[in-house]
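First, one chain by itself in C-alpha cells, the form predicted on its own.
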C-alpha cells in the first residue's frame, strides 16, 4: 500500500459543517423541480425563487458534496487556452458571447456575495495561463490577442509571483476565487420556505414530461411545470449527452505554505502535464492547492500515482513538506468546447439540462443557472442559441471519434480482458475483476480481509467497471459513473447501484 499525503477529503467539504435537509416524503407540487444540489441547481433555484417561482431542489446525497464540492473554485473567464480556438471554430461574434457569458457568471457570483453578505473567502485575483516552455509561447501570445479582441481584461506578461521562471503568460485582471461550499451553503439555506423545498438523500429515478411534469424519486414524486436536470451529466439518456462529452478525472493536493513563499493569483499551465495553482485561507495561514494529472475516468487503476506526482511537484517547486489534503474531481468535457445548456431534446418543452463544462464549472455553472432561469421565465437571453443543448454537434472530430471508439472498445474488450477466475486471488486492500461461473464480479477485499462483491456491469449502459485504488471505487470507463466498493452510486449518469453479487 502506498502511503499517500494528506487527508482524503476535499478541503471545501472538510472545512464546512454538515447541514442536513430532510428527504422527500410522499409528494409535493412546485413551479420548478431542480435535480442536483450543486452550483447550477442552487444558482437557478435562487434566481427563480427571487423571481417569484416555487422550487424544489432534489439532491441524491448531500448538497455541494458532488462535483461543486471538489472543484479548485476559481471564478474566471480565463479557461486555459480557448479564445483563439473559438474565434477560429465559431467566429468572433460567438467567441464574444462565450467571453461575455463567463464574465457575467463571475459578476453574478460577486453580486450574490455582496447582496447576501456571504462569508466565503471571496477575493478578487488575477488569473494566469502560463508556459514554462519556449515552444508554447506563440499559443500564449495568440490567446492574448484573441482575448483582447473580444474585450476581455487580458494582457501578456513575462513575470509572475510563481517561484519559477516562465516564458510568458496570459493575465486576466479582476477575476475571483472563493470557498465554494461556504458560498453555496448560504444560497441553499435561503431556499426552503414559502412553498419551496430542498430535499437531500432523495434519488431521482426518472422524469416524465407532462402538465405537470413528474419527477419520480425513491422517496416520492415531485410535480412541477418545469424541470432542470443539473446532475453534471444528465441522468436522463435522451439527448445523448454521454456521447457528446467524455468524463475526465483530475487530482488536487493541499499543502500548508508560508505567506512569504505563496504565489499571488490563480495559475494554470498548458501542455500535457499542466498544473493548476492557487492558495486559499487556511487556519491562520494559507493552503496551497495544486491540481493536475488528469485522465479519462476508469482508464487508470493505480490512482495513487497522480497524487505522488503532485506531491513531488509541490516539494520541488514550492519547498513545502506538510500535506494536509488530497482529493479528486470529475468533469464532463464537451467535444466542441461549448457547454450544453437548454432543452433536453427538441421534443421536450419543459425539461432543461446543463452539462459539458470542460473543467470550468464555476463561471459556466453560474451562467447556466442564469440562462436556465431566463428560459423558464420567458426572458430572452443572448447566450441561448450559442449553448443550445439540442444544437447539431460535431460528432466527427478527432476527439469525439477517439472517445466514442474508446467506449466501444471498452464495451467489448473489457469483457474479454484478463480477469481473475477465483476470489482467492484478491489480496487484502485490493480490488479486482473476477469471473465466477461466467459472471463478471467486481471484488474488493478490505484491509481486515472482508470480501465485498458486486456485479462488474455498470447499470447505465452495461460497460464493465474498473478499480480505482486511491479512491477505493469502481469507475465506469464509458460514461463516468462511479460506485463505492459496495456498489453504491457515487456519480451519475447511473441512477442504480451495482447489483449485489454472490
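Everything quoted here is computed from the prediction, not taken from an experiment. Positions refer to the first chain, counted from 1.
The following text describes the form predicted in complex with a small molecule, which does not appear among the structures shown.
Student: Quick one: is residue 68 in contact with the small molecule in the predicted bound form, heavy atoms, 4.5 Å cut-off?
Tutor: Residue 68: yes, in contact with the small molecule in the predicted bound form.
Student: Is residue 44 part of the interface with the small molecule in the predicted bound form - any heavy atom within 4.5 Å?
Tutor: No, residue 44 stays farther than 4.5 Å from the small molecule in the predicted bound form.
Student: So, residue 360 and the small molecule: in the predicted bound form, are they within 4.5 Å at any heavy atom pair?
Tutor: Yes, contact at 4.5 Å.
Student: Please tell me whether any heavy atom belonging to residue 250 falls inside 4.5 Å of a heavy atom of the small molecule, as the geometry stands in the predicted bound form.
Tutor: Close contact exists here: in the predicted bound form, residue 250 approaches the small molecule to within 4.5 Å, heavy atoms only.
Student: Based on heavy atom distances of at most 4.5 Å to the small molecule in the predicted bound form, which listed stretch, 197-205, 92-100, 304-312, 148-156, is the contact stretch?
Tutor: In short, 197-205.
Student: Have a look at 143, 331, 293, 226 for me and say which one sits with a heavy atom within 4.5 Å of the small molecule in the predicted bound form.
Tutor: Contact with the small molecule in the predicted bound form is made by 331 alone.
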